[in-house]
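Coming up is one lone chain in structure tokens, specifically the form predicted on its own.
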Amino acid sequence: MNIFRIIQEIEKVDGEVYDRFASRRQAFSSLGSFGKKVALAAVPIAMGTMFKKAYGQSTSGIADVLNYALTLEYLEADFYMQGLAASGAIASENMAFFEDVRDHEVAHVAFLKTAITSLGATPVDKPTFDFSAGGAFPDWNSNPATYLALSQAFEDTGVRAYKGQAANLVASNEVLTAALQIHAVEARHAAIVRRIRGLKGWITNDERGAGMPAPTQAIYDGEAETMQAGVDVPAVSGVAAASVTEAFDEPLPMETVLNVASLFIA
């Protein structure tokens, strides 16, 4: 495999190819070193990694992921604003906590809209939400137990949703870092809500927890995974499988997240 010939052929159709890696001089220097160090059989894999880094994620692709996250943040921010405005949704002892959560979600919305605009894209409009999910939760804003259950569902979804998109943001260190910072806060929200509801702060196997309606099971499916990066964690650690599932939180595919969110979009 002639690495230099491949790069020169790409240069004919992409004049910015060197800028995607480094300067022209730096690119050829790095490629020369690369060719000496990498075993011939591994060259195709390594080249694939290089080109994925250079071309694998466009700015528009990152904006699409951020708009997806924005839809979820709209949902959460609106849920907490409406809940705090209602007279019977939130028990008095939890008001201060949910005021903090509302402020966090509002900040996330503002950040994502600004980040999307800075990428030259347009933030999606806020949907009209129906937190009764078409009547499935008619007392969502008058029964604190129902409100807490929905909060747990939204926060647990948010945690897995951000994790599911991390690989699609690796092309931008700044955006990936910000997304992970939001992800950590969503995880703290989820843990506290679960504690308020009398559950563990983490998820055991794929159990949705007592009092969670059956339609929320999709949020927890897949959490029972015990193989991590090809490693059988219970086997190598001696820790019980159920505890291992608590130690590793699983990502959630975009399709599943959108299906969950769509239940609450009017």
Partner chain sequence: MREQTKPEEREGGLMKSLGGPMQRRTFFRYAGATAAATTLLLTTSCDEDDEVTPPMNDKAVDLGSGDIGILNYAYALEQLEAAFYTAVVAESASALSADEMMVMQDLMAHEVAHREFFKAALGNKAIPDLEVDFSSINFKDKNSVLQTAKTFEDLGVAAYNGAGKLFTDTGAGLTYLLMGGKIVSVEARHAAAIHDLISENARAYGAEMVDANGLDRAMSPTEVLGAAGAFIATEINFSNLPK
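Residue numbers count along the first chain shown, from 1. Given the structure is predicted, the values throughout are model-derived calculations rather than measurements.
The same protein has a further form, the form predicted together with its partner chain, not shown here; the description that follows concerns it.
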Which one, 81-89, 139-147, 106-114, 125-133, holds residues whose non-hydrogen atoms are within 4.5 Å of its partner chain in the predicted complex?
-> 106-114
Using heavy atoms and a 4.5 Å limit, would one call Q181 a contact residue for its partner chain in the predicted complex?
-> yes
So in the predicted complex, does A214 come within 4.5 Å of its partner chain, heavy atom to heavy atom?
-> no
Verify the contact flag for I62: yes if a non-hydrogen atom of it lies within 4.5 Å of a non-hydrogen atom of its partner chain in the predicted complex, no if not.
-> no
So in the predicted complex, does any heavy atom of W202 sit within 4.5 Å of its partner chain?
-> yes
Contacts from 165-181 to its partner chain in the predicted complex (any heavy atom within 4.5 Å), listed N to C, are A166, A167, V170, N173, L176, T177, A178, L180, Q181
